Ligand code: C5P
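Given next, in structure tokens, is a single chain: the form predicted on its own.
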């Protein structure tokens, strides 16, 4: 496992260093927190040993973006947090390609111009044990041992992909322990409430999402009156007794909504602060990266990872707008409900960048645990799909990544991901057929483990 990853990382480094320092390395990564963190690690490591880089962050690692890359003249391309599901396209590209991914892979053996590092081929579970950023960190550390200082970015990426749920494990656990041991991370047990005031922190709380409080000024005012708090009080000003009362209220709110234990356990938990990365808590940093990537400011997120304080400050301001757009849709869905199929629930969203985020919030904090949730966005002649499940459903046989790939391939589209989270793009005219086929496959997956009832 770890030895396999180390060998592959050293091989990737040998490939990189076989190119002269005058080479401009092309870096392609996903646009979420994990993808941006992975790109930041790779770009910083490349720059430190003398390479220039050209980085792009993509929403969907499917056909259109990769076709543009295919038309470029690149000697070396590094794909992070994507690539294993698009290996057939990448094999057609000019130049040497390195894939660093933790999503489901299509094949183990690739053509000579493609070198693949995939967590699932190293004995790690790509859902929980390693992510794009921690795999990128393994390469960076092999490139130069001083790159150990990039641990916070690796942990931010794993945190952004929710791989801390159920406790750190696999290679992620190794990276976290390395950060703590070397003073690059500081551990504190706390709740996630960030904002200039406690009112702001509660209003913009989307993950966890507190029904009746998040995005609800009247609900927050009632809570403040009950607790005897002033509207402009800061979270840091609360004494221990008041914090306990607030925590009890919020946890009870989640319990009443039927929130699963593995999710409840993440609300008040060990959190990791990075003194060398704006002294920021890693889930907070991951949230800011998501706000940048999915809020239309991808370059800002990468600049944060490269250590630009101005970009960090801008991201803090932009985050409110991003979270308000999420709240608008979640509150609407909480009021109007979702469409129902035998094997899943679904809804239509305005923004494909937010679909997966909203699915995750709804699955964990609004709906019962019995079905995955799909978001559909109609754009031009396509339908962009994001879907989320939970660990309970995965234990029963759910494999969203497999379902998305099978159905998308059958309909001439693109799809894939993880068992618990995945996505697809299909033609608009195939929407009904897509829903029917996914329903058939997911229903069979979930029935398989309960005796085919």
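Treat the numbers as computed from the prediction; the structure is a model and nothing was measured. Numbering follows the first chain given and starts at 1.
Separately, the form predicted together with this ligand exists; it is not shown, and the next lines address it.
Original post:
Okay, which stretch from 390 to 398, 418 to 426, 66 to 74, 38 to 46 lines this ligand in the model of the complex, with non-hydrogen atoms inside 4.5 Å?
Top reply: Only one stretch qualifies here: 418 to 426.
**OP:** Report whether the minimum heavy atom distance between residue 103 and this ligand in the model of the complex is within 4.5 Å.
**Re:** Result yes; residue 103 sits at the interface with this ligand in the model of the complex.
Original post:
Is residue 208 a contact residue for this ligand in the model of the complex, using a 4.5 Å heavy atom cut-off?
Top reply: Residue 208: no contact with this ligand in the model of the complex.
**OP:** Mark residue 356 yes when one of its heavy atoms lies within 4.5 Å of a heavy atom of this ligand in the model of the complex, and no otherwise.
**Re:** Residue 356: yes, in contact with this ligand in the model of the complex.
**OP:** Although this ligand is absent from this view, report whether residue 414 comes within 4.5 Å of it in the model of the complex, heavy atoms only.
**Re:** Judged by the heavy-atom cut-off of 4.5 Å, residue 414 is in contact with this ligand in the model of the complex.
Original post:
Relative to this ligand in the model of the complex, which residues of 24 to 44 have a heavy atom no more than 4.5 Å away?
Top reply: The one in contact is 30.
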